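Take a look at this one chain, the form predicted on its own, written out in structure tokens.
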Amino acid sequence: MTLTTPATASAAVAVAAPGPTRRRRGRRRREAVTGWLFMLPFAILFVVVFLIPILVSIQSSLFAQQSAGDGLYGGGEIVDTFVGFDNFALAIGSQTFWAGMGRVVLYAAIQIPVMIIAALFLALLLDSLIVRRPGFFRLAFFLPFAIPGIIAAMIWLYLYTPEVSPFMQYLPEGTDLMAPGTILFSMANMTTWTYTGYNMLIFLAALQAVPRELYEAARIDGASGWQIATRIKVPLVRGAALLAVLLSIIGTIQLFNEPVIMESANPWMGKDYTPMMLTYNSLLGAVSPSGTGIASAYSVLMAVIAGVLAIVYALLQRRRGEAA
């Protein structure tokens, strides 16, 4: 007769344990491999369409296109010459670049608050019990975003042109929506019309993620619809508002479609009205200095400015949230 002591039993358990442990590790390894395989297409596209262009742009900004040869005009052959940070020095010292940046900052100060408030209002309206067919209105508000930006800008240019506009004749005499003092407001209206529905969906998704029991508890406590909207819904979509504003800041720095179309009918704006127009026309050689080197330097500088503005805004919002 064999007696099993506690020490013998512990040893038996220790011998039997590695089997399930190995199976568990193998299952986790297979799950990890499956997850990486699902993420692989995104990772490849992220590297190809995002990281590689950034690296190429940074590399290009360190070179300048100069004529080679000993002739009067260099022989006519264009070669890439390493110039280090000279292109960045030109970009930072360009008054034209900073004038355009000042315009887009002023544009953002006008357009972004109006668009965010309008998007939040529409989201609150669709999330309330007032609207009977929210799906229809959600699609209607989002529809302008589905129109390509160039087409939308051409439509608004038609509406702003007094000779063909269907409503300009009803405005006070002398009204010019494309004058130097009003053209920023006109372009802000174009962007607001296009992107309000897009930002509305961001707010609406955040509102629909809030448990409905919270609203019911507030109603039981006697809260009105206005109190629920202002004291519960609006504070809970602060994260969505941060996302919407950050995307708007980045998009505003890249303002291009609207000023390009408006410049086609208003040559006084010039080819360098915004930083993105300056970058594009520098690449094409329409403004001086030109070439891929200086254009890449403008692009990198714009990216840095957009990143700094986004970080500053995010930090300010975080401090405000902690203080509240």
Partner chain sequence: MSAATQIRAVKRLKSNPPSDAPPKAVAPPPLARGLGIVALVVATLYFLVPVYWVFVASTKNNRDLTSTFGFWFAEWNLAENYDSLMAWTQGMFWQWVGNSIFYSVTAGVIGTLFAVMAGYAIAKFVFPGRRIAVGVIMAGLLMPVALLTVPLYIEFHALGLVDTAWAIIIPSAVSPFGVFLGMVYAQSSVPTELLEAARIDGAGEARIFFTIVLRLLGPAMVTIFLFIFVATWNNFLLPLLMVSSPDLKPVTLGLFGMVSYFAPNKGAVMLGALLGVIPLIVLFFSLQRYWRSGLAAGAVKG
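Only the largest set of C-alpha atoms that superpose within 1.5 Å between the two forms is called the rigid core. Positions refer to the first chain, counted from 1. Every value quoted in this text rests on a predicted model; they were computed, and no experiment measured them.
Just so you know, the form predicted in complex with the partner chain exists too; it's not on screen, but the next bit is about it.
- Using a 4.5 angstroms threshold between heavy atoms, residue 231 stays clear of the partner chain in the model of the complex.
- Although the partner is absent here, residue 103 is not a contact residue: none of its heavy atoms lies within 4.5 angstroms of the partner chain in the model of the complex.
- Among heavy atoms of residue 146, some come within 4.5 Å of the partner chain in the model of the complex.
- Although the partner is absent from this view, residue 52 contacts the partner chain in the model of the complex, with a non-hydrogen atom inside 4.5 angstroms.
- Contact annotation: of the candidates 85, 170, 98, 82, the single residue with a non-hydrogen atom within 4.5 angstroms of the partner chain in the model of the complex is 170.
- Proximity to the partner chain in the model of the complex, defined as a heavy atom within 4.5 Å, singles out one entry of 93, 211, 239, 113, which is 239.
- Along 208-232, these residues reach a heavy atom to within 4.5 Å of the partner chain in the model of the complex: 209, 216, 219.
- With the core held fixed, the Cα of residue 267 is displaced between this form and the one not shown by less than 2 Å.
- Core-superposed comparison between this form and the one not shown: the Cα of residue 48 travels 2 Å or more.
- Residue 39 is among the residues whose C-alpha shifts by 2 Å or more between this form and the one not shown once the rigid core is aligned.
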